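So here's one chain in two forms, each on its own in structure tokens, numbered structure 1 and structure 2.
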Structure 1
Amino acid sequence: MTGLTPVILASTGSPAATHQGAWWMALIPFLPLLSCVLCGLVACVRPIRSTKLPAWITVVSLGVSFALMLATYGQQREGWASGASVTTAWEWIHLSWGHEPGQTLIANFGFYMDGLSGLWMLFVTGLGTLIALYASEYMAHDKGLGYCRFFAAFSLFVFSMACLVMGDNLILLYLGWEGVGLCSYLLIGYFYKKPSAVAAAKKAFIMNRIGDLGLALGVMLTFFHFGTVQYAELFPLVQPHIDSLKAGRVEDIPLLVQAIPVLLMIGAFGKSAQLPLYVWLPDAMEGPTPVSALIHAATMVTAGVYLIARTMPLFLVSEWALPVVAWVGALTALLAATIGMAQFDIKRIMAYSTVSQLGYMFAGLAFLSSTGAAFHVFTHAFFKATLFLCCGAVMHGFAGQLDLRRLSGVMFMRGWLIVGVAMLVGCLNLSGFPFTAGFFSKDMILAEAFVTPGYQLLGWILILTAGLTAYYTFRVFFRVFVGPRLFEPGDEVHADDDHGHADHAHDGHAPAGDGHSAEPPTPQPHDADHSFHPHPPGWAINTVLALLAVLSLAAAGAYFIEQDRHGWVGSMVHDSTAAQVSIGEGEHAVHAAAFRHDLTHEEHAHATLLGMNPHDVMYFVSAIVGVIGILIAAALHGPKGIGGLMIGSRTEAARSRADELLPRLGPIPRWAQHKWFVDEFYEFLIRRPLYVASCIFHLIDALLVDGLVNLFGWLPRRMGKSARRAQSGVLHQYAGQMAGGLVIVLFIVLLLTA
């Protein structure tokens, strides 16, 4: 790596200081790329391809990247207050077609590090290391070429994510954006012999391409209007439009500038699975569970949140972008929560939970609570990775079983205590139980909904969603991890294998039944089937789950650090382009959203919830709502006598008190179990019409376009074939033909002259 030139950029975009150091920042993304190459080389060497070497290469490379990220944070953290540090590895794109402004496109392979990208890269590399360690055991059944392929794609994903987050220009961000989409396709479709996995991978790829088109157009329009795609030059050029907003001259902001964030928003909706492009994420659970934990819980799906936070100055000057983000985020959160309540596959429940929590993050950005959104990204990364990996451990040990009606009391089976405790920690965080990390991060968003004028209705929607989240989260915990010890192995069990290990993938699951059956199955007691014994997780899985559980709890401490900046995450966000922009100064400051609603400073300052300051009362409101959701789950799904309170009633895995209530709700439970028929609606409204149109155009192309071309090709061939018989090479035949031709000519002449 040569030619590294670290520079400190001031907030105005001009170089403020140049210092030597931080050259290792360029190694953070390139070490995972090196790991990808090495995993490919291991696959070419037969004696070592069946070892765990690819896993250890990946773990070490990501661990070193995390260590370098910590070093970067320690050395440069103070400098981020005055500007971002940029390290250019090499000149990448440099095109010029004139000397006028906007006639030169520069996009170097450079890395931009401020509080926002530093926050993201800390948990991307840290969680990547832990999940790679987990995967070393989880994917051990596939050692060989598949093992090498998995960790090569895993490493390539981390490289792409690092380019997305650390890139110092929109072109490099787009490269990483497409890279994580490619890796998502490769990893979701890892079990390429399984039709459902292949279909899920194609679905994810196509849905993401729809969003990526919006992002590509947004990047092009940005360069067209501002003449640059480099952050250091772009954001100062946006400042005059923000000044116009502050002065009340919204009409001075060009329409093109307001259209840019709308296009970027479409890309964010696709990558982060928001309405209407969310349907790919639940199907992505066909991939291995470590993929679900890394890509679809902690990193890739938060790329849309990162994009909006990074380009927040552009979003502020658009009259349409942030309101659309707010409504889409809130409605996505509610819709996904209602679907998650009715599912039986515990991994899919967590997938819909991810979609719902991403809705919270988008709503937080729209409420101009970048700190709340980033803090929820941070806490969600830890506790949702914990939840996914716990589900994966259950799947790994019970031969692919994921149906909550076929498992019970797992926490109290021998060797499963760590998994059960980690699952409890993750569920408490996701439910927003008081004093957990999820409680504090979610509250920041909920309170801001009532502070930001015009969004009180969305605030109540999100509070309702928080109650639903607590319910379906503990529905899983009470059904699977506590209660009578009963289980039924999944479809991967082999009668002659005491561990229930299939030679094929653990995640190529298809729970018995369709998951929508009104008649629950009857699982066997734990000692009824002597041919199968659950396989407890080994040291790698248990170590990772224990560490993640501790980190999920410790993340709450970030809320109390640097309270004057709304916690440690708030201090990181403050030193970035995602910092909240307000209209006015001091105690009379008003959000841009309040300004657009033509509200006075006094109206904004006196925003209340139940007659009190939303930020003060939200602690109690969300705590009560979350506890109520947990108690309802305990009453409907908890085992009999749970906690000595005698509020539960379940005595078997398959049936609970909730089954008695379903008939009273009419068709609603069935609709929710079928995901509100959104996929069927897309099939009817979009896919089938496009299929019919493609068939029609195929016929037009085959019969008309190709038919004309083929006709003009066929006529000369046919004429030549007919004339070929006259060229036999026999002289007397030529003489006879000449005589015959002469007779015909004379006959025609006689006719014409008669």
Structure 2
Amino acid sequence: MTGLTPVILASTGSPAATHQGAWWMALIPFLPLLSCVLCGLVACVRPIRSTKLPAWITVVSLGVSFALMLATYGQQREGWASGASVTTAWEWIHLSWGHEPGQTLIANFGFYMDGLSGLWMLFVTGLGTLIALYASEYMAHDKGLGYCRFFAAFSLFVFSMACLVMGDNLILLYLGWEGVGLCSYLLIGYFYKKPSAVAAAKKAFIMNRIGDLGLALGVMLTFFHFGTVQYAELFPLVQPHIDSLKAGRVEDIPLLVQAIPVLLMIGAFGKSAQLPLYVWLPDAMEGPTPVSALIHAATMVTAGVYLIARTMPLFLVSEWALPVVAWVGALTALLAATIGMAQFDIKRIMAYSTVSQLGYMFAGLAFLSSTGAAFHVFTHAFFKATLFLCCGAVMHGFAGQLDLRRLSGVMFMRGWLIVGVAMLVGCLNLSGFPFTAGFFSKDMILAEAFVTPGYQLLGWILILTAGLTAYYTFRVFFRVFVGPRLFEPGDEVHADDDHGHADHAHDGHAPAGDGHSAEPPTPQPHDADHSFHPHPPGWAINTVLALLAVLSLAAAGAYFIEQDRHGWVGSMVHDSTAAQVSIGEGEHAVHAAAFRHDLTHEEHAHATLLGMNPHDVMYFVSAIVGVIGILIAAALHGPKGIGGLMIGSRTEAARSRADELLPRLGPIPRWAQHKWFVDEFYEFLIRRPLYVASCIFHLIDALLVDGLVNLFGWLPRRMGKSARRAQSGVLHQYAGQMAGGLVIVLFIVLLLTA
């Protein structure tokens, strides 16, 4: 089956032939698929169903995938400079209805590997392996059918993600896109007996459908206009349009072509939870935490970023596509950060921070800094996974408790040190503490905002957001992980070490976690008369956390490697179809900016931040803003004094100094806590009118359409009833009808030949 077909690629900048990839590159996506099938089979075999076998199958297959990815990287890294390597597993769709260009639709199971997909696949498979390992312990309470289901969907997700990232055409990308959406749906709704999980799954699915519709239309339009969906053929065809935009001849670009990026953008917004389609992501935290870490923080939600980076040339044909992306990204970042500040459920806070960070990435893309965006995706994947997994460990240990008012001093409890340290590392990264990976990647985007003309305001918004991020991140850290050792278990109280009870709503958050209760609950000291004991994470979780923490710090190193090409990520992105605009920093940015705005070098030279070169000054500005945020958090939520850091003089988990401050701010904190009533707004603006419209349509439907459909259903039945008379079951009658039919057929021939 594995026919390997070399494909000629003319890359965007200079035409270069793609290399034929090694055949085993095709195994990278298919190993997870195999694992999915195996997990399904395990579920069918009763004796081994309730073991950890599915987890090990998944871990091993993902691990091998990762190893293969590393091998691919090692083997082909050099080659990506001159073009992507393509492995066609087999022909999938090959329809032709003529010889003209555009009359053949080719979409193969072809895998396209260049810097961009290489980067993505490295962390998708790598993180996937680690998180699967984590989940093997985390989900252990659910061993049995649910366990198999979980890992099957998990593997299927990695397969879909690999198709999305590695596909050499937009159709395969779309397949993967739908696939990850499906897996996300399945996994959010994993606890399908819990209404809120089902509702969240539905919400995610529907929100994603809106985006998917945009993407589907975009792909169709692309094929309609360019006659191909294969990257290798598509991008050279886009080039003339880019050139005419450069030359200022906007009117030469057909409107349809300009619509493509808008449609693709809608798809990206849906999948990556940007305004206005972001509301599903926080709710998606109903899923098991490993899922939140992998899908809803590290990988799937970055698919939108990948899409825009991959199809960057298509975005360059429209004057206003990228500005829209920039504004949407920046506003999403700000909005999500403000909401995050007021939440009490730590997993939700992380979810909002994910939305916020994704906003950064989009803004980065729009500043023509694919490198910055990709770098941020890369670092974010590690530290956000770390953060989520820490939350998961807490949740696992405290019976589903996620309310930051009910937990305190977790880091100092027995066996929780690794979790605490990992959390600290994650928080530092997220808040952009100097010399962490998050610091460098965020800087890259921020600096570009000031370099690119017209985005100064956005730059300031993003800097403000960075401060807010630091604040809410450390709010969590200070309240949950340091301070007095107090806790109140979640509502999933179970016998101490007995996790055997299957498929109940285990992973939910406390009802108060929504923060709707006006009066904060009072946590009980852990030595209270209560049978509950928090159980610290086991070796799998600890190993993974430690590894991830180290990795998320080490990700900073990528900034320093290959510095001449803007870091390792920069060089990776440079060797891809996003290359044209991957010129993240330095004088390349001049071209990037000039590219769209017809600026001269001189004009560009005036782009400054506080009168200095933005690239230099940004390090200091963002570091200062970040540290200020942390300090405010420390002041409002931290333990009193330096000595308090160890044991903590804050005697209450539920209250902090911030509470005294809040009433002075009026209703704003309450509004933020209620997520600025966006859900309610949607309810009012979309669902109500839709409901009314649907009632009207229902009437029309019942009267008119149903009538037609009923007619269509009635007619065949009527015909069937008359035809049935011929089926009397009598041999002679059958023979007679056959002979009669023969005579009629022969009569037709007679008439036609006479």
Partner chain sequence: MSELVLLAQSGFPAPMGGLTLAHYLFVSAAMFVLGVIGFLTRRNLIIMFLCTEMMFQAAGLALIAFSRFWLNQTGQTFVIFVITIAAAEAALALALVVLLFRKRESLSADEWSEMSG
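So that the term is clear: the rigid core is the largest set of C-alpha atoms that superpose within 1.5 Å between two forms. For clarity, every value in this text was computed on a predicted model and none was experimentally measured. Each residue is numbered by where it sits in the sequence of structure 1, with counting from 1.
Here the form predicted together with the partner chain appears as structure 2, and structure 1 shows the other form of the same chain. In a rigid-core overlay of the protein, Trp56 has its C-alpha displaced by under 2 Å between structure 1 and structure 2.
The rigid-core alignment places the CA of Gly720 2 Å or more apart between structure 1 and structure 2. Positional change of Gly729 between structure 1 and structure 2 reaches 2 Å or more at the C-alpha, relative to the superposed core. Here the two forms are laid over each other by their core, and the C-alpha of Val749 is off by 54.4 Å between structure 1 and structure 2.
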